[in-house]
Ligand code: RIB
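Okay, so here's just one chain, in structure tokens, the form predicted alone.
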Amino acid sequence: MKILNYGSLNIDLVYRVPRIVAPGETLSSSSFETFAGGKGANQTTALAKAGAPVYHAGKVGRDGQWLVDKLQALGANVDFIRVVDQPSGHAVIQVDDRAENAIFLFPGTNHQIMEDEIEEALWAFAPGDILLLQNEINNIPYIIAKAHAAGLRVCLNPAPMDAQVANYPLDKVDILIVNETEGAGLAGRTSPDGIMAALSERYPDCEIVLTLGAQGARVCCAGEVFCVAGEKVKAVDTTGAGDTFIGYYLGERVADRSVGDALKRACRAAAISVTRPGAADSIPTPEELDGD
């Protein structure tokens, strides 16, 4: 079984600030760093580090060739990434003294995915393989429909959440991974119990995964609910924690681990990631997870 991650590739520009800048306010940052990012690239990084057979599809500008090289060096297959003469997507990220972040995105090449490119990538995969999607590229409904018709198992992480997600063909999604904000937006309820109940009722054949930050995560699969508490750590930067969770969770599931074991390992990986700056660069290796 293979995983095709059709997702974004971003250049992350990270500024450390005492607090998130308010409207009309000007603050000086104490540091500036450039990282590999994009929810797609982050999740491919986590999958590759988890040892999963991951292929990345997407589009990047020549200014982002180093992002492609970085994924390839980690062991991801990059044959379906197109490099074009347009600006890459990038994110401007503020990280404050409480390790909270605020982000705005320039989509760039991430919003230039064409239908023929999608079909070419999907053609290389077989029924039963997994397609992973986030919400940072264009043509998501088309990709879901085509992948479902081809017999791929569709995993959707609708982040960043927007109003259009409710119009996606979610009935064709096999694994839905949301945080509390995304889950509430789809379920119309705000409590974890309410979110899980509403989404499980609406999509009874879908594996529902709800991440709860420092509180851990829950999964409803085939009518059974699994819960794991979060690990207590000193957070430095929460950027990419959800992406780390998703990569390790899917990596464990592809390796035939149980839902409960996959959930525990994914939560541990996410906990380690928030103790470091950056998104993709903060994702731990399996050896680090296996430490004490």
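It should be emphasised that the depicted structure is a prediction, and the values quoted were computed from it without experimental measurement. The numbering used is simple: start at 1 and walk along the sequence shown.
There is another form of the same protein, the form predicted in complex with alpha-D-ribofuranose (RIB); it is not shown, and what comes next is about it.
Contact between Leu210 and alpha-D-ribofuranose (RIB) in the predicted complex is not found at the 4.5 Å heavy atom cutoff.
By the criterion of a heavy atom within 4.5 Å, Leu74 is excluded from the residues contacting alpha-D-ribofuranose (RIB) in the predicted complex. For the chain shown alone, Ala270 is not a contact residue for alpha-D-ribofuranose (RIB) in the predicted complex, no non-hydrogen atom being within 4.5 angstroms.
alpha-D-ribofuranose (RIB) is not drawn, but in the predicted complex it has no heavy atom within 4.5 Å of Ala166. The putative spot formed by Ile93, Ile103 and Gly240 is fully lined by alpha-D-ribofuranose (RIB) in the predicted complex; each residue has a non-hydrogen atom within 4.5 angstroms of it. Partner proximity in the predicted complex, defined as non-hydrogen atoms within 4.5 angstroms of alpha-D-ribofuranose (RIB), places exactly one of 257 to 265, 53 to 61, 32 to 40, 221 to 229 at the interface: 32 to 40.
Of the residues in 124 to 158, only Glu136 comes within 4.5 Å of alpha-D-ribofuranose (RIB) in the predicted complex through at least one heavy atom.
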